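The chain below stands alone and is given in structure tokens; this is the form predicted on its own.
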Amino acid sequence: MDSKNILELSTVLYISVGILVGFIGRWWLLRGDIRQYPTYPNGYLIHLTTGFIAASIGSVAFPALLANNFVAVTFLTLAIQQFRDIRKMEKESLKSLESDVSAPRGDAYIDGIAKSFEARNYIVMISSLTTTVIIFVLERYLDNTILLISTGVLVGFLVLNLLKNYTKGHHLRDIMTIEDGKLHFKEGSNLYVNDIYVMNVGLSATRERILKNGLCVIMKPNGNSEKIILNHDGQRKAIMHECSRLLGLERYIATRRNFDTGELALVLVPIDKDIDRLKKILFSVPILETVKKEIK
């Protein structure tokens, strides 16, 4: 910066590169589906806007410190508080939708989703900060502006990719196998999947509908730690929510555990009766962070 505190053109360019890297990164991390939250276009706009703000804060921080402007540190602190507030708003928004869905997500699943939104803003801010730090540090040794910016962008996206992979969670496909089950009734009204009791169904018309349109599978954990995951109430709510959300729910959905083997039976009467799709959905259900903490 010059004596009049007007930013030099090169400084503006380097900061803009950092913002661009962070904004593109937030776009890359964005996940959306017309059947889930965040919906588009409002959800996209909200998260891209907060991502742009996070990228701007990360890009400006290092040049501000070089200019002995320590207010930048205060801005970082305020940004963290704002991102935490965003997490709270995400939780409140998702909880307000619980009464409108056939199978609620549950508090554990909502908490995991809200944390992911908050973490993505930190990823954006760190990648933007890294980009500008690399550019300003290498500026002392390199005269080639294109090479300087290219190196900063490369390192910024590398950090972005590393953080993305680090925060990437696991899915149920990592801990279990799935086998087909058989729906049948015993003693007139007791519904079973193979030898696992599920529920009592009193009406004969409902029993006929379950046998005609129902789907069922047996989820088998790979070990004792995996049994804990499948037995977690929040994890089972997440399973039922994802199945009912993607297949639609005509009638019942329930899970029951075999206490001897740890196997989990799932029964539902979906609108889209596709057993292969049901298995793909189950394999793709994320393992909740809350459950992994309990295993440790």
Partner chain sequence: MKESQSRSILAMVTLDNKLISNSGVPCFLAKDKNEQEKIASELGRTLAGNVYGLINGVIIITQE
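Numbering follows the first chain given and starts at 1. Keep in mind that this is a model prediction, so the values were computed, not measured.
Although not depicted, the form predicted in complex with the partner chain is the subject of the following passage.
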property	result
Contact residue in the model of the complex, chosen from Ile126, Val155, Ile113, Val201 - any heavy atom within 4.5 Å of the partner chain	Val201
Position in contact with the partner chain when the complex is considered in the model of the complex, options Leu29, Ile53, Ile228, Ile253, heavy atoms within 4.5 Å	Ile253
Interface membership of Ser189, the partner chain in the model of the complex, 4.5 Å heavy atom rule	yes
4.5 angstroms heavy atom contact with the partner chain in the model of the complex for Lys91	no
Interface membership of Lys237, the partner chain in the model of the complex, 4.5 Å heavy atom rule	yes
Ser102: touches the partner chain in the model of the complex, heavy atom cutoff 4.5 angstroms	yes
Answer range among 76-84, 204-212, 157-165, 130-138 for contact with the partner chain, defined in the model of the complex as heavy atoms within 4.5 Å	204-212
